[in-house]
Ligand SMILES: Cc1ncc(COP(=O)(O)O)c(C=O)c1O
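The chain that follows stands alone, in the form predicted on its own, written as structure tokens.
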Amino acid sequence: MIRERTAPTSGFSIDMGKDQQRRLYDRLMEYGRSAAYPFHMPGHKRRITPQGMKETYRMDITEVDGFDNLHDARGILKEAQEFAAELYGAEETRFCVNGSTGAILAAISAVCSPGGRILVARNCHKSVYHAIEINGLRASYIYPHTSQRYAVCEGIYPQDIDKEWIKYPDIQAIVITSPTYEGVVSDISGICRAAHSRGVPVIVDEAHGAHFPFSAYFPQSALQCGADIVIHSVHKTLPAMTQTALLHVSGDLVDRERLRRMMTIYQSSSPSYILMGSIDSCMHLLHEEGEALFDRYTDRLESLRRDLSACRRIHLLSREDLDPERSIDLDRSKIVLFAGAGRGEALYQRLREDYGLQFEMAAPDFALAMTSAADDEEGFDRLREAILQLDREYREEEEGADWEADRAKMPRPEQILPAWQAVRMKKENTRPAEAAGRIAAGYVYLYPPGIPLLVPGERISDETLVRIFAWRRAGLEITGICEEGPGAEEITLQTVIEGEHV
């Protein structure tokens, strides 16, 4: 029960009748500066704070009177989530303080029964595979077409979804990542029509598209395309703190109560009010200033893209580079720059070391910069000048040639065991010469973007090993291998001990 206090000079007074519309952040600030003494968590008591973090610690509270409970929201958090739902056009929206990862785990756990079958785009984030593993699901994969010229995954073709029902009529859910890390957008409307005709829900990991609804310059959000669950990482492309996300749900194909329960399982029972305050403040900023903010941003972004498109040696990925039947749009906030086959890491390092520009990621063929409405003119000018200068320096004959062969093709390892079984079996570290043909006991991926090249239970092929060594030669850091020395051959992979599986 929420009680009204009567001595604001010595405590903190809340009249819920007239205070409901106030923002969470404002109330946290007021509470932090009040004289209310905290005989409750957290242990810093808003009194012992690291230098420079006093204001942040003042707002760091637990579920005290007047601040609601995320897992049973009835007051200010309920209203904050309803505000976000209205802003995005969702039927229901829930705050996530465990990032999109927690939301993806909850969503898949909510719509699939243990041991059920799920249809997944093979270029999904590792959290999707963890949900498959945790729930003991049987996974069927749709492999996206890959651009041979630019080595990026294209969108998922809706007709490929239809074909899967011939083989697997027991599919319980579909999971698609759109946009991809590179900004490629799939035909979510077509995918939803195919799924809904069979009563199957569609989960869209739109973590990188939280900004889509706020400007016509960007692609249409999966929310407007009919997806049942859409997940946004607020912190990725909007002005919010790291680890903040939103889970939106619409339609009648998702058991809402089960979804809420799963959100309580995959999120802390003591969610950070600082993170929730950051989400709420971001939502109000978008509501009040979003139009002007995004008008300035898209004008600057379009100017930058126009200038970079004129480069002769460094190529900026555009919609025209993609197959329009598979990739219906491209998020132009992503600056994906190709300097030649096998030169992505070199471009990334030059920008960081020589120009002080820290990009989001390096891939074998490209470097990727993420922009947002918080970028200013100075930042765009620095990026523009750096790329134009490097473009003048590069020569065509400098392009690497050893990465050309099948560099864009995604290996398709044979599934021998379900992931949940493989990770529980006895395992050993195996050198590459002996690993071919063995069953993987761990994940192998680049992070970012966190898309598994190899999933536990899959047979390790020569093609997969070739890709791993190509990544190493390109200077990329690979998660899931054990490096035992500086030589290219001195690595091991986790494999299931032979004879331990049927």
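One-based numbering along the sequence shown. The model shown is predicted, which means the values in this text are computed figures rather than measured ones.
Not pictured, yet referred to below: the form predicted together with this ligand.
J.: Would you check whether this ligand, in the model of the complex, lies within 4.5 angstroms of a non-hydrogen atom from each of Thr177, Asp205 and Ser233?
T.: Checking in the model of the complex: Thr177, Asp205 and Ser233 are all within 4.5 Å of this ligand.
J.: Can you tell me whether Phe469 touches this ligand? I mean in the model of the complex, with a 4.5 angstroms heavy atom cut-off.
T.: Heavy-atom contact with this ligand at 4.5 Å: absent for Phe469.
J.: Would Gly99 sit within 4.5 Å of this ligand in the model of the complex, counting heavy atoms only?
T.: Gly99: contacts this ligand in the model of the complex.
J.: Might Tyr129 be said to contact this ligand in the model of the complex, defining contact as any heavy atom within 4.5 Å?
T.: Heavy-atom contact with this ligand at 4.5 Å: absent for Tyr129.
J.: Heavy atoms within 4.5 Å of this ligand in the model of the complex: does Tyr447 have any?
T.: Yes, Tyr447 is a contact residue.
J.: Pick from 233 to 241, 427 to 435, 105 to 113, 81 to 89: which stretch has non-hydrogen atoms within 4.5 Å of this ligand in the model of the complex?
T.: Correct option: 233 to 241.
J.: Could you work out which of His248, His125, Arg343, His211 is the residue within 4.5 angstroms of this ligand in the model of the complex, going by heavy atoms?
T.: It is His125 that has a heavy atom within 4.5 Å of the partner.
J.: Which residue among Tyr273, Phe338, Tyr181, Phe218 has a heavy atom within 4.5 angstroms of this ligand in the model of the complex?
T.: Answer to the contact question: Tyr181.
J.: Indicate closer or farther: the Cα atoms of Ala73 and Met41, in the model of the complex, relative to the displayed form, with a change of 3 Å or more.
T.: Compared with this form, Ala73 and Met41 lie farther apart in the model of the complex.
J.: Any idea whether Pro42 and Ala73 get closer or farther by CA distance in the model of the complex, knowing it moves 3 angstroms or more?
T.: Those two alpha carbons end up farther apart in the model of the complex.
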